[in-house]
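The chain below stands alone, shown as structure tokens; this is the form predicted on its own.
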């Protein structure tokens, strides 16, 4: 029995020969408190729908991921996050949630009510039961000035520590087989709204690059991307922080201790170059504040996250198999919703509360009804 959200995850968290539970009809704003700036949503609500609903009551989420198609339940189950040194994953800002176990028991959990279970359930991989409602700590509605530009990757790396403190949200996307990166920075503003330029379809650029032999790409990519114009816009936060991606792809993402993030990134880029990997989608480098969930990517310390991608229709395994050991070398934790190869033994060494979570899972789901083969691998369970 597996709950399914938007189907955005690249890892096999959901597939089952049993029953799929779809939460689409559990959607919408259930209640809110103006004074505390908290709001409760049905867990099947898509993130992209929360922004307008919150704007209508003068609130906004503190941070959002760059894709907003996911359901709330799916996003928090996988420790989904945006970017910003002072802002954490979505799960960090949950103040209460309702969990229905396979036994039909209903738990209303919060920091003041069964705090340990609350910390376990905020990132649960859908393994404890079905989350039906979630309350978030929000803030007053706000606007962000968004700036994008292309800059030599080495300059971006050298200035990164300064800039991640300068901007509320900051990230960069290094182009492989190139000397350049796309930089994206957001800062809070009270300036009038300014519409962004029309979005360009990167698919055409990627298709053009893919036609060029890897050994000849660098001067071509440098010429193409260095000529991209900088842009600036001012939008409501929920619009500024999220993007639409129409190209299908597979993705691997690991979070790295923040002091090791840039050395790890440089080794990944060098490995792609040395092995002449035929990949066109840029990497993505972000930073995330720590939280106190049990299975969060950033549990206990701030992290840098590094994402690699491969266009759908291509075999991603040789590329991902080449890069994944580099993430391990730097103590990386995999994003639960992205491709990775780790099992229980490796994961238990990365998550100090893994055993505690497993005990909760056994108590909530003694017959293993919520466990598909992938989850059994992650938690070290034989079939129950």
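All values reported here derive from a predicted model rather than from experimental measurement. Numbering follows the first chain given and starts at 1.
Quick note: we don't show the form predicted in complex with a small molecule, though the next part is all about it.
K.L.:
Taking 4, 23 and 78 together, does each of them reach the small molecule in the predicted complex with some heavy atom inside 4.5 Å?
P.N.:
Yes: 4, 23 and 78 each sit within 4.5 Å of the small molecule in the predicted complex.
K.L.:
Heavy atom within 4.5 Å of the small molecule in the predicted complex: which of 322, 350, 67, 30?
P.N.:
Of the listed residues, the single hit is 67.
K.L.:
33-41, 331-339, 313-321, 53-61: which one contacts the small molecule in the predicted complex at 4.5 Å, heavy atom to heavy atom?
P.N.:
So the stretch in question is 331-339.
K.L.:
Taking 4.5 angstroms as the cut-off for heavy atoms, does residue 71 touch the small molecule in the predicted complex?
P.N.:
Although the small molecule is absent here, residue 71 would touch it in the predicted complex, with heavy atoms inside 4.5 Å.
K.L.:
Even though the small molecule is not shown here, does residue 296 get within 4.5 Å of it in the predicted complex, heavy atoms only?
P.N.:
Output for residue 296 is no: heavy atoms all beyond 4.5 Å of the small molecule.
K.L.:
Considering non-hydrogen atoms and a 4.5 Å limit, does the small molecule approach residue 266 in the predicted complex?
P.N.:
Residue 266: no contact with the small molecule in the predicted complex.
K.L.:
Using heavy atoms and a 4.5 Å limit, would one call residue 377 a contact residue for the small molecule in the predicted complex?
P.N.:
No.
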